[in-house]
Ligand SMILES: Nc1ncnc2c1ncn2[C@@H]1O[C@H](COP(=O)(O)OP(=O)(O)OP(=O)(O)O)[C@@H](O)[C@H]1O
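As a starting point, one isolated chain is supplied in structure tokens, in the form predicted on its own.
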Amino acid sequence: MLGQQRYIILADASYSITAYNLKIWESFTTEIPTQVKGGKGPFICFVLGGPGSGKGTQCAKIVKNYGLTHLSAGELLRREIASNSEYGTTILNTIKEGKIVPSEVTVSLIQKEMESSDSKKFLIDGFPRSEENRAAFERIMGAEPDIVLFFDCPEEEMVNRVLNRNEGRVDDNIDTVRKRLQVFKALNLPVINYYARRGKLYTINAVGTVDEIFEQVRAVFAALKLVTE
């Protein structure tokens, strides 16, 4: 089951931070309860897809129809930053310095959210973003996802959707979007391929109306009676 662990952040180019921040990360990751509520492990569904693939819209419909608890890794990081906690300040400073927030920290935020919830069915959106993320999640949680939904969408369609949406994001410009898609392909596709080999991946054709796309999702969940029980 889930164990209490301490994590060492390697001092390489991606993860090097000050000794003070290292102490904060270590103390943060040791404040994890030892077990998710209940005897049986939770149902976990990862939702993957590039920017503009429509996975956020589909997550809302999954939550509404199947009662899963939606967890967004990015939102959890933003919430921790907004809380002005010591950990949030450290996360913000790490991002400002152009460094990557260690996978252990993101997974710890997800884990704490799961353990504080009464739910046992979770929809984890936009994570893992890389093989390193995936390995950290499985190592820390001691579990794999039950299923992985991949919203497969052509690059030009994703670019057009991102540029046409009006969310006020500073990175919604064509150059940045294409760079984000390049990063997605480089880092996320190995994760997708890994879960395909594990027999856990369900690919959704993310072109069509919201309802047409959701019908594909509904077909997946119809075969998973466990999730509605």
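Keep in mind that what you see is a predicted model, and the values were worked out from it rather than measured. Quick note: we count residues from 1 along the sequence shown, nothing fancier.
Quick note: we don't show the form predicted in complex with this ligand, though the next part is all about it.
Proximity of residue 54 to this ligand in the predicted complex falls within the 4.5 Å heavy atom cutoff. Residue 61 falls outside the set of residues with a heavy atom inside 4.5 Å of this ligand in the predicted complex. Taking the partner from elsewhere, residue 219 is found to have every heavy atom lying beyond 4.5 Å of this ligand in the predicted complex.
Contact annotation: residue 197 falls outside 4.5 Å of this ligand in the predicted complex, judged by heavy atom distances.
This chain is drawn without this ligand; in the predicted complex, the residue among 79, 112, 120, 129 with a heavy atom within 4.5 Å of it is 129. For the marked spot (139, 185 and 201), a heavy atom within 4.5 Å of this ligand in the predicted complex is absent from each of the three residues.
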